[in-house]
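Before any questions on binding or motion, here is one chain by itself as structure tokens, the form predicted on its own.
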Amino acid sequence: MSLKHVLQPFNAWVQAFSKPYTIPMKDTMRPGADRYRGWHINDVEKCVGCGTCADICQNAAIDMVPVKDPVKGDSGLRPKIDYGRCCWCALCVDVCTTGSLGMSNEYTWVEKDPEKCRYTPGVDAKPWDGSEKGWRQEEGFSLIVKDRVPMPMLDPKERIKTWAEVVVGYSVEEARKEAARCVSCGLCVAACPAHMHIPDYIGAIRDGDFEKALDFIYDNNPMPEMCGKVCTRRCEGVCSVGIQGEPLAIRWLKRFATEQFEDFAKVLHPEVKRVGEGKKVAVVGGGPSGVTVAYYLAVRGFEVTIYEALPQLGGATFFGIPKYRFPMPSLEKQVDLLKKAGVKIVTDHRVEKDEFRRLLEENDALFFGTGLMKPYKLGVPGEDLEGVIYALDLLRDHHVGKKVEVGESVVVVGGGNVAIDASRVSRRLGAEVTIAYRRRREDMPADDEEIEDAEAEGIELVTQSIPLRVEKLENGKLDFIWGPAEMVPPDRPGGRPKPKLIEGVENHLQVDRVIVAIGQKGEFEWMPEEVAEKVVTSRGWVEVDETGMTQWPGIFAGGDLVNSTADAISAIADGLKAVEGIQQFTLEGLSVSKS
């Protein structure tokens, strides 16, 4: 051992007599840098409780705790931080989908109670809540990919010359790239009427396991390819990724998964519960709600027969959605799976009163979902003139192959998806098309994407236009006369502004056809009077209980007759509810609701 090593420990004593280098904190405070990562802050009104911060935390320092009742697009949960675990890395801030989470530049906090070092920012008041300095998401930077992968589509000028499908579809690479944007927050599941397993099937697409994705999809949706093409996608409306960027293309990803297989039966592995063997169920109406009931009951062993008045199953998705949005092969794939599941299908068959009574006697339960097939009239002079037609009739006739003539010019009255479909079909039939809608563009119930596609195809949109009358001209054309409207405040809280006719002003539009698309209602002439009196309300709706059963024991209903949303996914949700209700009724003797 050297002399240096012997003396070195004694050299340290020299420091005992030196002036200290430390600064007493009570006398001098050094503020943190402007971007210092101090204690967390959160704008709880901006936060939607997606839980992405908790998922990314490598130290399990964040728990999601309930602070309010869940609402559409908000789980009601908020992050609670455990500072015994937190390492102040700020990944939670950088990944926040809303930008609500931040970190103050405050770094001093003395507490004797360690439990107080677990708190919910923005809920548990802290001195630094109003701090403007600290770590925030930088503008233009996020760990979340904000832009969706564009969907390839046919050029508008070319697509109006053909009935080919407008949407081309994702490639495998594009689909997996888009699926990778999902943060698996689950807000979409709550928003979906059928509560589909959206993060699960998107995760499977991201991983390249398309069979697994299809299994997740078919667990509670028997018409996924249809939904993947025409769904109203309420799930995308609450997508947390879409708050600061574009929502995930959930609909297109579902479409992609279903298009990977020609025969669903070869790759699906449904959970088979043969609980209903020996039980018979009749389904009147082969729309989305009826197909849902039939498929999932058949998988459970029930003997199911569908009776459909039209040549093909699908209801409004068959005759109301044009081929350029939903080609027939897509529907046929789903119907083929229904047959392979054991469902008996009777098409071109309208059930009338006596047969309804017989079906009720011969089956253990009966479900009907016959939709809204009776169009509303305009209620103006001249609407009975030749050349004034209804959108549903136009779409149905064209779909079943009947010759449809719309002439050179058309006005479509209405602002929903049916109006848009009728206008785009007319455009492909060679007509110049104008859509007349009585409210503003932002009030139109049609899908924004469909409106944009219609305009791209050269269809003119005239808003705040109220029909006054229709007259026949000497040249054989129709004179569609309308008046401009001003928007006035709603007459009830939460209502929409109302259109009010500006008196004394008339506008004229000469056309070959006036196509009416202002909504539909139920038609019950086929139903026995004693049943209709009990299940149909005075306003023309069918009331059901929480199991989907009407006030007539053993008769269940769903779809547009029951709910006012008028979309396929809500009809599927009604069917899923009725499946459970029918099983309870037939196997457990569920009694009729008293509510």
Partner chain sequence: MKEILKEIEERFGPIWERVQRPKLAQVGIEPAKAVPLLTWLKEHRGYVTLVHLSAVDWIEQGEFQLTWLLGNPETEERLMICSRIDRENPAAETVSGLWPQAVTYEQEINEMFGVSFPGSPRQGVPFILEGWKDIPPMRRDFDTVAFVEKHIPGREGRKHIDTRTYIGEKFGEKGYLHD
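Numbering follows the first chain given and starts at 1. All figures in this text were calculated on a predicted structure; none of them were measured in a lab.
Same protein, other form: the form predicted in complex with the partner chain, not shown, and the subject of what follows.
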Heavy atom distance at most 4.5 Å to the partner chain in the predicted complex, all of 62, 117 and 199: yes
The unique member of 340, 472, 508, 72 whose heavy atoms fall within 4.5 Å of the partner chain in the predicted complex: 72
265, 172, 272, 328 - the one with a heavy atom within 4.5 Å of the partner chain in the predicted complex: 272
Residue contact check: residue 49 to the partner chain in the predicted complex, 4.5 Å heavy atom: yes
Close approach of residue 84 to the partner chain in the predicted complex, 4.5 Å, heavy atom: yes
Contact label in the predicted complex: residue 195 to the partner chain, heavy atom within 4.5 Å: yes
Non-hydrogen atom contact residue 229 with the partner chain in the predicted complex at 4.5 angstroms: no
Stretch from 252-260, 447-455, 214-222, 157-165 whose residues place a heavy atom within 4.5 Å of the partner chain in the predicted complex: 214-222
Partner contacts in the predicted complex for 166-191 (non-hydrogen atom within 4.5 angstroms of the partner chain): 184, 185, 186, 187, 189, 190
